[in-house]
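Take a look at this single chain in structure tokens; it is the form predicted on its own.
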């Protein structure tokens, strides 16, 4: 078996981080589907915890030289956009209420 190249390591690290982001998105989608109160503190706590964990993973990957800081920002930004969309589906906007 050959030693992985830097490009292969970078691609693998980014793939794993994106998988983790997808898991967070799925977890939050399930939580939002099962909320009984629109502003559930448990939802916000889980979201904060999961996002913090992902940000630490990304920070590690950046410091280890596996991905660039920009790649890390992109992963977080994409996840935040997806979560905002999911949240908007569950909670009406202030202009609708």
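Positions refer to the first chain, counted from 1. Predicted, not measured: the structure shown is a model, and the values here were computed from it.
Note that the form predicted together with another copy of the chain isn't included here; everything after this is about it.
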Contact check for 12, 50 and 57 against another copy of the chain in the model of the complex, heavy atom at 4.5 Å: yes
is_contact(residue 66, another copy of the chain) in the model of the complex, heavy atom dist at most 4.5 Å: yes
Contact of residue 89 with another copy of the chain in the model of the complex (heavy atom, 4.5 Å): no
Partner contact for residue 25 in the model of the complex: another copy of the chain, 4.5 angstroms, heavy atom: no
Close approach of residue 76 to another copy of the chain in the model of the complex, 4.5 Å, heavy atom: no
